[in-house]
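Before any questions on how it binds or moves, here is one chain, the form predicted on its own, in structure tokens.
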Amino acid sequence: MSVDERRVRSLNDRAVQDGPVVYWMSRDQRAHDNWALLYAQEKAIERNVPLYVIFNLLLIPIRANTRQYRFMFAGLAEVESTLTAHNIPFQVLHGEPEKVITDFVKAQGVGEMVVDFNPLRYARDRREAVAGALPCLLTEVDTHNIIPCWLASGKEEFAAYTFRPKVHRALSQWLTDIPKLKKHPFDSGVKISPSDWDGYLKKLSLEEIADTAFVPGEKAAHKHLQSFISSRLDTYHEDRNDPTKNGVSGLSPYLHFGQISAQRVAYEVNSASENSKEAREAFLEELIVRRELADNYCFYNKNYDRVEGAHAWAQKTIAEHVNDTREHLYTKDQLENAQTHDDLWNAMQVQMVEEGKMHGWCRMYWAKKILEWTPDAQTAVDIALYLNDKYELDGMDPNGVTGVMWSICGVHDRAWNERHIFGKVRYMNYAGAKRKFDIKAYIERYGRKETLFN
């Protein structure tokens, strides 16, 4: 099975040269089930040339900590080992991509480069800069989404109900098995020293945060998937919205770092015929429709993290309530340190800091309260994204951005009844949470510990 060319698009108009093919791995950090890597290998074999994989490490990270980088580096170390066994050299570069990647391409006489897809602004800006500086063709392959983002829809979708029919019509042709990576038949003749992951971590000078229970890497991700299918998938539709139950998949950190393919997850879950059809459909709705809708939003909306990126009705109601008085106002530091009057919100913040993962329902309540306790909607968005990206293992992700914008600015939602501060943006409160789940048990589990933020 060859890579479907509809999954590929050119980022510049350069010609393919005679040298090796390079895959610039970024968002999708895995050796298997990776359409971008498979496409790069396909092109290298067509021209009888070596294949390299590079990973570019910026020495000034954005909103990150040791937890996220240790998780990522452990996964990349596994990728490096797998690629080496497949005769594909792996090299880490350091610095601004426009310079270091272009220098690498020129030094190695690279004939063609491939990169994986990411709709976020920082990633697109870097790709555009590199594409403009390269002497060879740069192509982008969407290996993160099951349906390539630009094919799933040619425009920003209003909501899940407008996007879902497009996904369902196209899904059968994309939800297939994925071919295996081959041992590359052409040697590079280049000897590359093993990556010094501990050394890279020291150079970054990150804030130290304890690791979570999530085990990083491709093998761990696939083991986690099989555990979910065998033990929790059957009750997913019943338990997923209860933060006191272990009812969710727990796959989001692996999906975020690309340590597992969403297409592989969907294929395995869809093939689990012994499991409840209702549960499978509920899970695939979240994995495919909701998750790919987030990429759609960030890809087509240049203001995806600004109030200006919200629907017109939401911008209007936010403007009308901009001067509403707040009973409580908290600073970013107070929120970060779980120092509010709301014991439930504090427990949610503690869960995120301790575990690197907040339950999805909690993240909605958590973000909406930040709107209620800060001076305006844009401040609320900025603080929510700062905290989300700093502490969540799946931070700096279209899902996180879209979740915050849904909660605070009504993105992909409809207008509700008018309320103080919120206007027509959907409201959530403590009493509603009490009806939803056992908040006493949740607070007892995650109640603020005095030593947590010391």
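Given the structure is predicted, the values throughout are model-derived calculations rather than measurements. The first residue of the shown sequence is 1; numbering continues from there.
Just so it is clear, the following notes concern the form predicted in complex with a small molecule, a form of the same protein that is not shown.
Identify whether the small molecule in the predicted bound form is within 4.5 Å of every residue in the set Q29, H32 and Q91, based on non-hydrogen atoms. Checking in the predicted bound form: none of Q29, H32 and Q91 is within 4.5 Å of the small molecule.
Contact residue in the predicted bound form, chosen from D382, E157, D234, E286 - any heavy atom within 4.5 Å of the small molecule: The residue in contact is E286.
Among V350, A367, L76, V130, which has any heavy atom within 4.5 Å of the small molecule in the predicted bound form? The option sitting close enough to the partner is A367.
How about D394: is it within 4.5 Å of the small molecule in the predicted bound form, going by heavy atoms? The answer is yes: D394 has a heavy atom within 4.5 Å of the small molecule.
In the predicted bound form, does G309 come within 4.5 Å of the small molecule, counting heavy atoms only? No, no contact at 4.5 Å.
4.5 angstroms heavy atom contact with the small molecule in the predicted bound form for L171: Answer no; every heavy atom of L171 is more than 4.5 Å from the small molecule in the predicted bound form.
Contact flag, H184 vs the small molecule in the predicted bound form, heavy atom cut 4.5 Å: Flag for H184 set to no.
If contact means a heavy atom within 4.5 Å, which one of 301 to 309, 199 to 207, 145 to 153, 250 to 258 is the stretch that engages the small molecule in the predicted bound form? So the stretch in question is 250 to 258.
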